[in-house]
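The chain that follows stands alone, in the form predicted on its own, written as structure tokens.
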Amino acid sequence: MTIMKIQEMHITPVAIADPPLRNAAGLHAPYALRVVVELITSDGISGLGEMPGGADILGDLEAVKHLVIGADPFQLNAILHAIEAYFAAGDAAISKETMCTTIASRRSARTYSPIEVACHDLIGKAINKPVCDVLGGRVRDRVPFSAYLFFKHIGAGGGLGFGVDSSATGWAAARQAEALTPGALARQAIALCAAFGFKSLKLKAGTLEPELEVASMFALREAFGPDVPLRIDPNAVWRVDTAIKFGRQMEGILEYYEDPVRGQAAMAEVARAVSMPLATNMCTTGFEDMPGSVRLGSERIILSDHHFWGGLRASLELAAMCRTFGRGLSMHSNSHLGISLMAMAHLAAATPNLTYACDTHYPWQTEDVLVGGRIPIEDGCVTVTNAPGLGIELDRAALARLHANYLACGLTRRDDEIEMQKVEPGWKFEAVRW
């Protein structure tokens, strides 16, 4: 039997239009950076992966390229071990006083992730099975996602900058409209749900005064009624007393309360004081954080992210830990293309204890690198087909256009603070703001 070998590894940075969305770190730039990884085998099979972009991740991917080319994509343990050893050796020289093991594990996890996804795409295509079957088999065909709401300024991002297309209607109009009040946010949510059929709502908070953000949650409750689950994410910039005060006000309307404060100890204090479950993708973000999470009881729901936990198989290991320790499970999201969306969908399809609808920024983007265009979200769900691998194909012309965007925009890393200063001169990020 011929052993499959990876013959080529292509690493392509791209920039996709992103509206001026507010968050605790500042404001989204007109472009979001991503990197597309394509592995091609000696028999011409192509596998795709995707990762948040930036100079650091690009450099790390280029650095391990020689470890991937020539490898068998079925031998994922060997590829992971080689990447881990590479970063452990390099990071050990940084400082004896630094937690080098943790630094190395985080770098290796994020670098390995798009490679591992691309390998799973290759494996699925080689054996004519979808990735979810490679991961153990599906428990659902349709993966639910939640509407992701943002306070925002006027504009749709990219070449449109902060401009407005006055002819736009429906979600296209709402996507570019200003939303800085409870009423405007409710209108955004109505348009988003009308376009994609979402059945739950999440607000990215921590950017305006807590009173206004909590008022926005009650405006959503009034607009959608008690049957639509609500979530709020202050991105850990509230004080413990603030989080407890407003958490108690929102008892009865929240499905869960995401990262209101910073760190496991503070999260545990809030968790003891409010009735709704706390969720995190900030205080428990790697396997080394799990003992503290269990010991302190800092949250009841983990928002996983295969990009940073180390890929699809590692995310299934996290799911097993959540079952063992009685944790709920969902998925974190950022501005991504359809490659990441389908990787999330296949992973979710193969995760029995996915207890909450996943996050996604996908409706905020309008471009993609896939043949056939963007992945449909219908009735709030992404359908996982029986097509081999991830079930997607790279549109090389679209990839070239978005790579040209990357070269033209001049961005090499995400810096929301600088973008916010364009709107509010002198604005500075504060780890705890309210």
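Don't overthink the numbering: it's just position in the shown sequence, from 1. Computed from a predicted model, the values in this text were never measured in an experiment.
The discussion below concerns the form predicted together with a further copy of the same chain, not included here.
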Residue stretch of 263 to 271, 136 to 144, 204 to 212, 332 to 340 approaching a further copy of the same chain in the predicted bound form, non-hydrogen atom distance within 4.5 Å: 136 to 144
The unique member of N128, T355, S275, Q249 whose heavy atoms fall within 4.5 Å of a further copy of the same chain in the predicted bound form: N128
Residue (of A88, A173, M321, A194) lying close to a further copy of the same chain in the predicted bound form, criterion heavy atoms within 4.5 Å: M321
In the predicted bound form, A431 touching a further copy of the same chain (heavy atom, 4.5 Å): no
Contact test in the predicted bound form: P291 vs a further copy of the same chain, heavy atoms, 4.5 Å: yes
F218 within 4.5 Å of a further copy of the same chain in the predicted bound form, heavy atoms: no
Contact flag, I301 vs a further copy of the same chain in the predicted bound form, heavy atom cut 4.5 Å: no
Triplet I3, F74 and A350 all within 4.5 Å of a further copy of the same chain in the predicted bound form via a heavy atom: yes
